[in-house]
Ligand code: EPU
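Read the single chain below, which is given as structure tokens and is the form predicted on its own.
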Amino acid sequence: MKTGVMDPELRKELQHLDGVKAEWDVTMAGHTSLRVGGPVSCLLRPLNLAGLQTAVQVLNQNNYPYFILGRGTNLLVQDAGIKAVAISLEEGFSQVERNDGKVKAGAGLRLSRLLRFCLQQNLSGLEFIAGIPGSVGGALRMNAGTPAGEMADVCEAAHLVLADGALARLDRTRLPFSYRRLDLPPAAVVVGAEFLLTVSSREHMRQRIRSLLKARKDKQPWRLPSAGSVFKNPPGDFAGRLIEAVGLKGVRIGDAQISPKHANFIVNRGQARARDILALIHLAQQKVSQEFGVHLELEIEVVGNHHNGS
């Protein structure tokens, strides 16, 4: 079967999976923080673990591509869309519980809800996620963090659904974290994580969260749609500094703009298209490479077809 072309029999099978909701030809602009993007072939919402296992197994058996949507906060879908299945774990995988000093959270849980739970439980270690949008699974996959900490510091284990639908638990010794990345088995889906935290004063935690939120608000744009940091920081430097140094801070293409507040953010000023954002990405990479000999590596994920982007 040709990858990307959904056979009617596969569509029928996905439509009738137990414990899974299916929507067809869903435009991603309404499901990403940048508010841009064309349609996916199908949006699947597994309601439980068994439903997800079956869906992953069926998709891999049919060689049909899929990706995990998360909260769409680190994702740029091109205007022509993508012949693939987007899987949202928000409905079936948003649980959170405490077991002594550990917190176990589902991959679809919002980071803001996870932090609120930790605050209620007086468990410290995840304050660095204050103000970071997105879900637990997405944060794990990209080793989300700030100078105040990152997921690799506190993640004790990850729970996965593998390509064949089997379950796996990888403890921290088997989790190959690196800067803004976690390498996992091909086609594996993160379904949950365990965090090892420490008991702390709730007031001390609140003060730290307030401080981190204020710093983010002061330095980063938050009133307009964005996908957070567009590029990874190169070793020993900052992507935002390099982009500003080549004179691109505030530059616009269409309604996409390199933020005047932080040059490593691209914001949607209203009617931006994915092609406008990609044009700014390529411009920043080109200018920084010419001026400093540094290749800016993407932190956001770009998916979709390159043609028919009008």
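Predicted model, so just to flag it, every value in this text is computed and none were measured. All residue numbers are counted from 1 along the displayed sequence.
Absent from the display: the form predicted together with this ligand. The rest refers to it.
Using a 4.5 Å heavy atom cutoff, none of 101, 154 and 192 lies near this ligand in the model of the complex. A residue is said to contact a partner when one of its heavy atoms sits within 4.5 Å of a partner heavy atom; residue 219 meets this definition for this ligand in the model of the complex. This ligand is not drawn, but in the model of the complex it has no heavy atom within 4.5 Å of residue 186.
Contact check for residue 244: a non-hydrogen atom falls within 4.5 Å of this ligand in the model of the complex.
Although the partner is absent from this view, residue 41 stays clear of this ligand in the model of the complex, with no non-hydrogen atom inside 4.5 angstroms. In summary, the region of this chain contacting this ligand in the model of the complex, judged by heavy atoms within 4.5 Å and restricted to 231 to 239, 105 to 113, 76 to 84, 156 to 164, corresponds to 231 to 239.
Note on the partner interface in the model of the complex: the residue among 55, 34, 28, 263 having a heavy atom within 4.5 angstroms of this ligand is 263. Contacts of stretch 99 to 134 with this ligand in the model of the complex, defined by any heavy atom lying within 4.5 Å, are made by none of its residues.
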